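The chain below stands alone, shown as structure tokens; this is the form predicted on its own.
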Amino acid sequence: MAVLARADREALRAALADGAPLPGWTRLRGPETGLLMLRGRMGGDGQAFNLTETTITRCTVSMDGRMGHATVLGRDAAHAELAAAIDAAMQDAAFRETLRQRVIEPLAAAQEAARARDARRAEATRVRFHTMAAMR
């Protein structure tokens, strides 16, 4: 679900257009948009505090008796509904492996590559304080 939630709607549609099957579904709830309070902690282990709010969209669908749920950041109702439909289809053994190979794994690989790229960029700007202390 994390891979589906982090992917954008067009990436999901493109992955499904490559031949990944997805039967029809019925909306049970939503898509509905609301706010979620994000909490933080000072120093990682201090007292919790309310950091900010963010917009989320959630949806629940039914597909041949299986229920799929999704919650995504932002206001993209179509993204939440499509992620919920994929969640419901993944519960069926007939669709699971095809969806894993054609949708989940390629999206996960692309997300990991983006994370690695961002980590390399951030590493290039890191200050090494032990080097500065040795210069005194």
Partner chain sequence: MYVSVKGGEQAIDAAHTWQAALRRGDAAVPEVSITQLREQLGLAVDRVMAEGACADPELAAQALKQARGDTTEAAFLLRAYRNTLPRLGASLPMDTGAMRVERRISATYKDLPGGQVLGPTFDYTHRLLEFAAPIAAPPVEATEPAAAMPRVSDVLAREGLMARDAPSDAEPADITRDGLRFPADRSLRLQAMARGDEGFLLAMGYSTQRGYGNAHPFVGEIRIGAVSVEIVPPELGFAIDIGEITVSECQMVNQFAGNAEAPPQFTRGYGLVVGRNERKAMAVALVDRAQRAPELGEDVKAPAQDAEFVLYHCDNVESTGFVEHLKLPHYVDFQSELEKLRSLRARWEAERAS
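Quick caveat: nothing in here was measured; it's all calculated off a predicted structure. Residue numbers count along the first chain shown, from 1.
From this point on, the text means the form predicted in complex with the partner chain, which you will not see here.
Relative to the partner chain in the predicted complex, residues 11, 92 and 96 are all farther than 4.5 Å at every heavy atom. The shortest heavy atom separation between residue 101 and the partner chain in the predicted complex exceeds 4.5 Å. At least one heavy atom of residue 56 is located within 4.5 Å of the partner chain in the predicted complex. Residue contact with the partner chain in the predicted complex: residue 32 places a heavy atom within 4.5 Å of it. Proximity of residue 51 to the partner chain in the predicted complex falls within the 4.5 Å heavy atom cutoff. Contacts of stretch 25-42 with the partner chain in the predicted complex, defined by any heavy atom lying within 4.5 Å, are made by 29, 32, 33, 34, 35, 36, 37, 38, 39, 40, 41, 42, listed in sequence order.
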